[in-house]
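Taking the form predicted on its own, here's one chain by itself in structure tokens.
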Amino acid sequence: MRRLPVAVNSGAMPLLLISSSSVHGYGYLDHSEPEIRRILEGVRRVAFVPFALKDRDAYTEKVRERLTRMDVAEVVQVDGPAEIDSADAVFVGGGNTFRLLKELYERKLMTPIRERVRGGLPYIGSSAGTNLAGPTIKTTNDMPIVQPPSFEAFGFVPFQINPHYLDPEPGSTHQGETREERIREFLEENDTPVVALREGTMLRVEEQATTLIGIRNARLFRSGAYPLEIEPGSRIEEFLQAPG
């Protein structure tokens, strides 16, 4: 099995990786607002990447209105490298991960975003945008409605992410694969660990530490080992090489 080469976070990359922008009982980005305010402290201009949805203008306007209420002065829609070059932070929104990645490759934005974030530009991802922080998008839940030239993503963290992770419902008569079974299938062909983020959770990466934040546990899957439950406040690095 082949592990893609990725750079372990060096501490220079402030990341906020949100499982989902909307959580039951909360408004849009409400549950993550304290962490968004934290990573955007002192930031004036946020470059928003809207390509995961079809109506990009409406998506940008929704994010602009919400971030304005968090005291962000300016939110610009990304069309090309110029918006990334002039940004103080980048926010990659959720939607369809395949459509998002395809557009980033076609617009030649993968390298500019990767280089600026590795140079210290704050990065916020939600759902599909969180998928892109890992080595590949192979653990997304989305249908491949379009075909990107590669599944390789930014590789900001050395593990795969599965946002919106769902546990099997007790007593369910559904006979299709569960989310856990699909992740186990990934690990039959790959040995990169998978962090499964339930809704209401997020990862904060700073100072060489990746910390689980939120209102629920996350689940860590590793090849040849039992899944682990990780509690909020825990550092992910402490579990990646733990024995099964």
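Note that the coordinates shown come from a computational prediction; the quantities given were computed from them, not determined experimentally. Residue positions are given as counts along the sequence shown, with the first one as 1.
One more form of this protein should be noted, the form predicted in complex with a further copy of the same chain, which is absent from this view; the next part is about it.
So in the model of the complex, are Thr192, Ala209 and Pro227 all sitting within 4.5 Å of a further copy of the same chain, heavy atoms only?
No, none of Thr192, Ala209 and Pro227 comes within 4.5 Å of a further copy of the same chain in the model of the complex.
Only one of Asp57, Glu65, Glu177, Glu41 has a non-hydrogen atom within 4.5 angstroms of a further copy of the same chain in the model of the complex; which is it?
Result of the distance check: Glu177.
In the model of the complex, does Gly93 come within 4.5 Å of a further copy of the same chain, counting heavy atoms only?
Result no; Gly93 lies far from a further copy of the same chain in the model of the complex.
Does a further copy of the same chain get within 4.5 angstroms of any non-hydrogen atom of Ile183 in the model of the complex?
Ile183: contacts a further copy of the same chain in the model of the complex.
Just checking whether Glu169 would be counted as a contact of a further copy of the same chain in the model of the complex - the rule being heavy atoms within 4.5 angstroms.
Contact check for Glu169: yes, within 4.5 Å of a further copy of the same chain in the model of the complex.
Touches a further copy of the same chain in the model of the complex: Pro81 (any heavy atom, 4.5 Å)
The answer is no: Pro81 has no heavy atom within 4.5 Å of a further copy of the same chain.
Proximity to a further copy of the same chain in the model of the complex (heavy atom, within 4.5 Å), stretch among 161-169, 107-115, 84-92, 71-79:
Of the options given, it is 161-169.
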